[in-house]
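A single chain comes next, written as structure tokens; it is the form predicted alone.
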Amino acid sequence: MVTPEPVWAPAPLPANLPGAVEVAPGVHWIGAMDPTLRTFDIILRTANGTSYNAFLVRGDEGVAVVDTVKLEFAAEFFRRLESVADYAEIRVIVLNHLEPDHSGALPELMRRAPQARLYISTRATAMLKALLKPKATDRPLEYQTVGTGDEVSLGNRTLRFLHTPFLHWPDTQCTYLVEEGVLFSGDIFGCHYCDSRLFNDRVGDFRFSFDYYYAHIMRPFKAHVITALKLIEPLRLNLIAPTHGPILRDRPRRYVTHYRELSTSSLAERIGNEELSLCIFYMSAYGSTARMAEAVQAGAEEEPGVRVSLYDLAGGETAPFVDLIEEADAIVFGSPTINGDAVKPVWDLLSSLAVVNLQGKLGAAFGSFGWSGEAVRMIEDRMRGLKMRVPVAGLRIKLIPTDEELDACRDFGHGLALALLGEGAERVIEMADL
């Protein structure tokens, strides 16, 4: 056994936490528990804390360590590791994801096991250098990049890699222990739920945490989830070992199925693929923007093949509207200008859209104004920031719309429908000086 440096002087594990736990034949959990954490990555609430799961795989030709833990919990990690292996046995270190909560103990592990080879995804290379910040005088970092299908042997055990980028960082990969059917999944299928009983069939009901984690971590990358599932679904799965939350040993495939359901659009099932969806959200102070919204709706409905929906933001909650927007093909916002700005309910909804992927969707804005009318252009800027296309310039009308101006609103809606269908020339309607 290698003697630890003083900085890593062993501290006794809390009595209520387990030591290293064998989760499959020759596979031990050696992670750490963080039960008091209440906020993760600034924005995620963690009512039950979280865990930083790391694993040790023993083969007849050496040992592999898969992922490490947050730096503050390194002592726990090393104590559990030392209880089941010597550092001299470690031949392989795998980092499925280099976010600091999984790589915090990596530098010290590499120092203690200098003979071990580090395996990371190709995209993790730059992140590894940024995290370790090696000096020019340091020994060059030694690592091997791997992709889907690459393998490393521990003799009677084989680790196979799956490239699963953006779940949830660009560098993310999964590692599959072929002989045991164990998937070390990184953040995929994880959740922030800390329970020392470890396994999904022993901990409490963590469904809310699982879905909450998906909604905030994986939802913006649904397309990448679908791609990853194509690699994962054919695998024999006896156990899924994510980097956070319970280890999934009881019917692990149901979590894969649930991910498929969460990542699949239900709108297409309900209205079919033959129609495109255009959603109009508006807020109105004295009814002018509402009349504009109805005229925009009427104009868009003139074009077959476009299903148009109209929503008054004064009467709805934000979360269901985010769901609608995620599946819509085009989104239009109507807002009056008050104090040089769009109104708060519009901003509340726009600021909630970071959790969904809107890249390439069509967007547009309109609104009535009294003095200066900044709201429309501010909404358009936000849409462009969300990587949406804004093919038709925003429509602004001063105070109460005339019949001619409502005709312009109908033309605006019709132009949006044509743009959505890929027909007609893009045009600019400028009503700022009316």
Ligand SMILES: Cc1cc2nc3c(=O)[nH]c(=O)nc-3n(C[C@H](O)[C@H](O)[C@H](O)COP(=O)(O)O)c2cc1C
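Here the structure is a predicted model, which is why all the values come from computation and not from measurement. Position 1 is the first residue in the sequence shown; the rest follow in order.
A second form of this protein, the form predicted in complex with this ligand, is not displayed here; the remarks below concern that form.
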| item | value |
| --- | --- |
| Contact stretch among 215-223, 146-154, 355-363, 278-286 - heavy atom within 4.5 Å of this ligand in the predicted complex | 278-286 |
| Contact test in the predicted complex: residue 339 vs this ligand, heavy atoms, 4.5 Å | yes |
| Residue contact check: residue 380 to this ligand in the predicted complex, 4.5 Å heavy atom | no |
| Non-hydrogen atom contact residue 68 with this ligand in the predicted complex at 4.5 angstroms | no |
| Partner contact for residue 399 in the predicted complex: this ligand, 4.5 angstroms, heavy atom | yes |
| Candidate from 49, 373, 62, 26 lying within 4.5 Å of this ligand in the predicted complex - any heavy atom | 373 |
